[in-house]
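In structure tokens, one chain follows: the form predicted on its own.
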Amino acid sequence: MTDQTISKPDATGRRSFIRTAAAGGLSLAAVSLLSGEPVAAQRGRYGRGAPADAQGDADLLNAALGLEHEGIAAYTIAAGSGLLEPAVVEVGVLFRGHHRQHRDELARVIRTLGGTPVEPKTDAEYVEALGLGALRNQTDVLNLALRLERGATSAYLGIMPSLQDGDHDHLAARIAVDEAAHFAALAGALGQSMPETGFIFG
């Protein structure tokens, strides 16, 4: 257990989200939007008040789906690593179950929008991308999970203003709350105290 204050997220989560989006084959417009540097031609298209854009929402939700695949893989690989105490494995399996539910609902919505849900990468690709081979103990694993959950929370909050359909916005909000709950639990397990200022996720 360590005594430290939870650091507020920087742009890491957003960058990770963008990398996942790009790897998932998103359009340039969607990746540009997530980067905070939308191409000029997309500004009107994605702005609030614009006509509903099913493809735009599908692209953003597909990027989120990529993050869920990543989280599921991370918890699965960590659970089988032999680095975790049984009680921690149990919590990780619980969180993985939440991510699987997020995955299934995102995929369902993407299909209703006419999109094709992005497929997960291989375990070997996730091991390399997340640096899982460098983890040496339970604290390393928990810190990685903390970063992923913090990044996921920030990512969902980041896409919400760009989703055109209110139901999709609501779905992103519901998932963001789950990710934030995971983040809080992991921070507690690491002995991190809550920050003194609000807007923890920016």
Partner chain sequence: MTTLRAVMLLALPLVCGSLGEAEGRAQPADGARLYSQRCGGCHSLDANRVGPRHRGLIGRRAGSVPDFRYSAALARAEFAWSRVRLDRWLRDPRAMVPGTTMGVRLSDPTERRAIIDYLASED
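Numbering follows the first chain given and starts at 1. Predicted, not measured: the structure shown is a model, and the values here were computed from it.
One more form of this protein, predicted in complex with its partner chain, exists but is not displayed; see below.
Its partner chain is not shown here, but in the predicted bound form it comes within 4.5 Å of a heavy atom of A87. Although the partner is absent from this view, H168 stays clear of its partner chain in the predicted bound form, with no non-hydrogen atom inside 4.5 angstroms. Under a 4.5 angstroms non-hydrogen atom cutoff, its partner chain in the predicted bound form has L148 among its neighbouring residues. Contact annotation for L113: none of its heavy atoms lies within 4.5 Å of its partner chain in the predicted bound form. Taking I72, L132, V91, V109 one by one, only a single residue has any non-hydrogen atom within 4.5 Å of its partner chain in the predicted bound form, and it is V91. Taking a 4.5 Å heavy atom cutoff to its partner chain in the predicted bound form, the contacting residues in 156-191 are G158, I159, P161, S162, A184, A185, A187, G188, A189, G191.
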